[in-house]
Each structure stands twice: as structure tokens, then as C-alpha cells.
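The chain that follows stands alone, in the form predicted alone, written as C-alpha cells.
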Amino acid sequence: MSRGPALEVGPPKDDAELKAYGDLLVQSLGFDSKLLEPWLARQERVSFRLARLGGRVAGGLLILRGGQWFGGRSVPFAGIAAVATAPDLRGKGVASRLLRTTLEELRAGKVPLSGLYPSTHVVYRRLGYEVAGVRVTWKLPTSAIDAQETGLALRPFEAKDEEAIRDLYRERASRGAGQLDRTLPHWKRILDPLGVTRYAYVIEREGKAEAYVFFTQEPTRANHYELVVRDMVAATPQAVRRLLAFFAGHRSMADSVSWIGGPGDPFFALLPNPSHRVDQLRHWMLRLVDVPAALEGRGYAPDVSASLALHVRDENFPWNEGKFTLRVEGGRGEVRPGGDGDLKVTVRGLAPLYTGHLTAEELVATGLVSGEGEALAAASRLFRGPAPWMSDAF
């Protein structure tokens, strides 16, 4: 029985292939055709992976390389974006084979983590991804803000401020879990977004930046708008209050302000009444491409000293299959093959455990983790930390 043409995966060979992939984005993902050409132009061509069947572009995706922060360390990470398949070829395994080949390439390139925002969970779970964190859009009526802090200087953002705002972001991201260690392409999306007019301001004390905000104004009703914060960091209580006062200053025209955060936010402690609400909740998925490298790459609580014997099941990649022993000391982890395998975990179950999105005890109910009480407690203790969330979307 004929197997049909083999699937070939690689970067675009020419402009015609890139255009064919762009056409798939418009048809399959509803991509704005007016923004397609500038979007394609600003990506590095070597970051695209196209799937070809019989010489035809059958699908494609974009790899966004960087890092992801866990326990104060940046782990090499690849975001997978713009996954598209030709409509007449869906259900034939094109996307699965494209992703599998990409993951094999990432492992060979020593990138142990891969993440994405799923349009469907089934395909990605089949390949070992699992929900491992959130991206929350909070919305707050400007009329509910009672802040009058004006002690810190606020001025428009200038190009010379780029290094300072990157430092502010990196400091906050490194103390959390799940935030990206941004590269230039990530910052390009913030500094120069496509299709919108962005505004940006810096808050400083004695010439040193303590906060920044990038936002757009989106119409809500006649002559009114919403402040849509695209990126924001405030490093001190005074800077938080100054940002709130800045937002409140728009209340005559701006009905509300929305921003990206995690399950909690320091803004909430400074609001007199709980008038904020969740406007959108998105989950992102994580895949441990190389389990030992991922476990050794992240940081751990410096006060924890423990060992965990893992028995990992990975139906896709044999290099992750088997027993490993993780030893943590002084905030660093070391992985050796072998051990008793006290904690049995699928590679899917390992993702939310790794990020701290779910504890080992919670994962038992999913069937992705099993073990005795002592092994479960040790796993939850090792991977405890702040709730994982991501401000970037891709």
C-alpha cells in the first residue's frame, strides 16, 4: 500500500514558499491580510519551519527563541507560534509531524523547553504539552481608582530608556515563574507593534527609572476609549501608585484600563474596593523537550535540600523515558540516570509540576502523576514557587 509523498520540514527555500505559508495564516488562522507582509518581514526567515508534501507548502510554524525564568534562572526556551495547516490536509498528521520534527531539532540545539498558546489542546497533548501557566487580562474602571501620587516624575518614553526598561523587566521576570527572558524580537513587538498607535511613559526618581508603561487606546463608545496596557512594570510602591494616578487622570475619556498579569497583582492591595475583574484568561502549555536538561537548567529554593526519584514516561521521545534522580542543593539541581522511580510521571504531568502550576498531590487526580505520600510531598516542595504566568503572547 502506498504511503504517499514524504513530509519534508525546513526553513523557507524562497519568497514563494514564504508567501504560500502567509496565505495559510490568513485562511487558517484569520490573520489580518493587511498586516501579513510587514509581520513576515520582521521575522527572521531561519525561524520559520515549513512542512512540504510533494513540493507543496502544507503547513508551517514560527520558532521564537529565548529563555523562561524559573527559580531565578533562565532556561533556554522556544515559543511555538503561528501553527497553520492547509485546510484540505487537516487530520492527516501534518501538524503533528511538523511539531515532532521541530522538537527533535530543539533538543539537538540544547533547548530543553518549548511553550505555546493552544488553539486546540488535543494535538499538543498528544505531543507531550500540558497547561502549565496563565496569562490574565485584568480590567478596572478608571472611576474606581483613588490614587493621587505625583511625587515621582512621569515623562514620555525615549529611545535612550530602552536599556533601563529592559533591566526593570528582567528584574521582575527573574523573581517570578514562567516569564520570558526576552530577546530582541520579543522587545520589537512591544516597542514597535504592528497596526496600532502605541503610547509609552517612564516613571523615574532622581533620573532613575522605577516604572514604565506601554499602552494603546481602543474605542469603547462615542469619544471614549479603554487604556489597553501592552507592557508594564512598577518596581516600588510609589511607582505603582504613580501609575494608578496616571490611569485615573484619563477618567474623563477612558472608561477603563486593562493590563496583563498573573492570578494576583500588587495593584490590588492599593485599590480601596475590589472593582477589578478578569477580562480574559488564557492558558499556555509547556513541553519538556529534554527532561534532564530542563531539571538541571532551572533554579530551586535555596533552603531546600532533597532528592526525588522520577520514573518518566514519554511516548514520543525515548531520550526522556526511564528513571532519573534529581538532587537539589543550594538552589541548583543535578540529574543522574537511575533510581527507584518513586514518583511516576508522564512528560505531560511533569510540565505543570515543573512550573508550579499544580502540585504533585493535585496532579494525582489527573492520572498524570502517581506515588506515595513522601514522594509527592518531596516533589511539591522542590517545585514550589510563585504562580507561573506570562505577560508575552505569541
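Don't overthink the numbering: it's just position in the shown sequence, from 1. As the structure is a computational prediction, the values presented were derived from the model and not from experiment.
Another form exists, predicted in complex with a small molecule; not displayed. Remarks below refer to it.
- Judged against the small molecule in the model of the complex with a 4.5 angstroms heavy atom cut-off, the residues 29, 90 and 126 are in contact without exception.
- The partner is absent here; in the model of the complex, the one residue of 96, 142, 216, 258 having a heavy atom within 4.5 Å of the small molecule is 96.
- For the options 227, 203, 295, 83, the one in contact with the small molecule in the model of the complex, meaning a heavy atom within 4.5 Å, is 83.
- Stretch 112-120 is the answer when you ask which of 157-165, 71-79, 112-120, 295-303 has residues with heavy atoms within 4.5 Å of the small molecule in the model of the complex.
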